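As a starting point, one isolated chain is supplied in structure tokens, in the form predicted alone.
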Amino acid sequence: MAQTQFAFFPGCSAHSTGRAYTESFMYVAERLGFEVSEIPEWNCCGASAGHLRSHDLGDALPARSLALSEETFGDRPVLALCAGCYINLRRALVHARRSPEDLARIDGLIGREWKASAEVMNGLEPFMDPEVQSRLSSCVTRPLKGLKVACYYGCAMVRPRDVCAFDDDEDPRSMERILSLTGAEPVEWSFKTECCGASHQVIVQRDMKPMVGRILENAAAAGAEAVATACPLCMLNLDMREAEANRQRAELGKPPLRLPVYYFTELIAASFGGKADEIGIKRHFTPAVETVEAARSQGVVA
């Protein structure tokens, strides 16, 4: 039987920079019969600072939230939509499961008992069950007929391999399989797991900005009309910096890129008939409504 009950770890982005992801995920979750309950009194996962400052701190911050989830929801899987939150929660779980001594060490750090029994899942994983995919297909009323999409995973969901255990850390296929059910056509491209610069886009912009341009250019060269992602930071970097990439292209005499960037859940929600203002699509920096509407107009189900 498909897993439909999840403990939700919102992290710091769910109701801020990643709000469109949360809105579209919850829209889809409701229609697929998912029960998503927020972990009480959760705390920041430590983001990129946890393990940089201290390995103990890097384990303790996410472990406390996982322990709270276990106390409240038992073995219900913990869902982390943010890829950064996902990798930090997963890392703490993997470390705790290495040995009884490691689990006892982390228990001591957080001051509470934790069995480390519940799994941690990223935003894509709930949709990988065949039963869920069948249900998803039946909910599609406005197929995104022929919309060519470059599925972008970034790096935090797929690496390191011993922590993430994703379907393939170099050529993942999960998002392609999911979005194919909406009527969209995923393209083959080379940059699906390249890093977008992550938070370095803030502190070393000069060196990081070209990374976004290369990702978008590779997607366009592969024939993509849009990019889909499952990470709030990847989304922010690609969506917000596309205009700047186009300014640089103009200086070189190149035509502008016109690639809206979506959360994969926005595209699912759109194929379910969701209105743009209720599934997050109007929150983008790069205009994204027209591309979805054009695709939906070609694929109306009678």
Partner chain sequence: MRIGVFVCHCGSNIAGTVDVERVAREALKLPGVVFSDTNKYTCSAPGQESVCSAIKENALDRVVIASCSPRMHEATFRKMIAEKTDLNPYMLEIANIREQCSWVHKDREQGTRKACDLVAMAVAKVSCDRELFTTNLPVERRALVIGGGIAGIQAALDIADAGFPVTLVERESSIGGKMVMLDKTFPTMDCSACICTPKMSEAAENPNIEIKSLTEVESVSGYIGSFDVTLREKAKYVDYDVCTGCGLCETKCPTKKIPSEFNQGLSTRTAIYKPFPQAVPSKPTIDAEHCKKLQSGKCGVCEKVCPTGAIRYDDVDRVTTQRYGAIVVASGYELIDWTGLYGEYGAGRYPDVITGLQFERIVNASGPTEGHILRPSDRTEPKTTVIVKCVGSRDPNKGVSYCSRACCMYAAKHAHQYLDKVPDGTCYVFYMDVRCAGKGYDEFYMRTLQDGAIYVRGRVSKIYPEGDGLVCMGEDTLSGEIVRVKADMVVLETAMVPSRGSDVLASKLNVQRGPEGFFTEAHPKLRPVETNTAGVYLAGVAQGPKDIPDTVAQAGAVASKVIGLFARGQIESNPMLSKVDVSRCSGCRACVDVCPYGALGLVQANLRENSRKVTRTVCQVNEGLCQGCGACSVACRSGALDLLGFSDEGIMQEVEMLCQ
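Quick caveat, the model's predicted, so the values are computed rather than measured. Positions refer to the first chain, counted from 1.
There is also a form predicted together with its partner chain; it is not shown, and the following applies to it.
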Original post:
Can you pick the stretch from 78-86, 227-235, 185-193, 144-152 whose heavy atoms fall within 4.5 Å of its partner chain in the predicted complex?
Top reply: 185-193
**OP:** Just give me the single entry in Arg214, Lys115, Arg98, Arg112 that has a non-hydrogen atom within 4.5 angstroms of its partner chain in the predicted complex.
**Re:** Arg214
Original post:
Looking at Asp107, Asp129, Asp169, Glu119, which is the one with a non-hydrogen atom within 4.5 Å of its partner chain in the predicted complex?
Top reply: Asp169
Original post:
Quick check: do Ser13, His55 and Arg64 each get a heavy atom within 4.5 Å of its partner chain in the predicted complex?
Top reply: no
**OP:** Classify Ser180 as contacting or not contacting its partner chain in the predicted complex by the rule of any non-hydrogen atom within 4.5 angstroms, answering yes or no.
**Re:** no
Original post:
Would Arg135 count as a contact of its partner chain in the predicted complex, using a 4.5 angstroms cut-off between non-hydrogen atoms?
Top reply: no
Original post:
Is Lys209 one of the residues lying within 4.5 Å of its partner chain in the predicted complex, judged by heavy atom distances?
Top reply: no
Subject >> Residues of stretch 90-116 in contact with its partner chain in the predicted complex (4.5 Å, non-hydrogen atom) >> reply: none
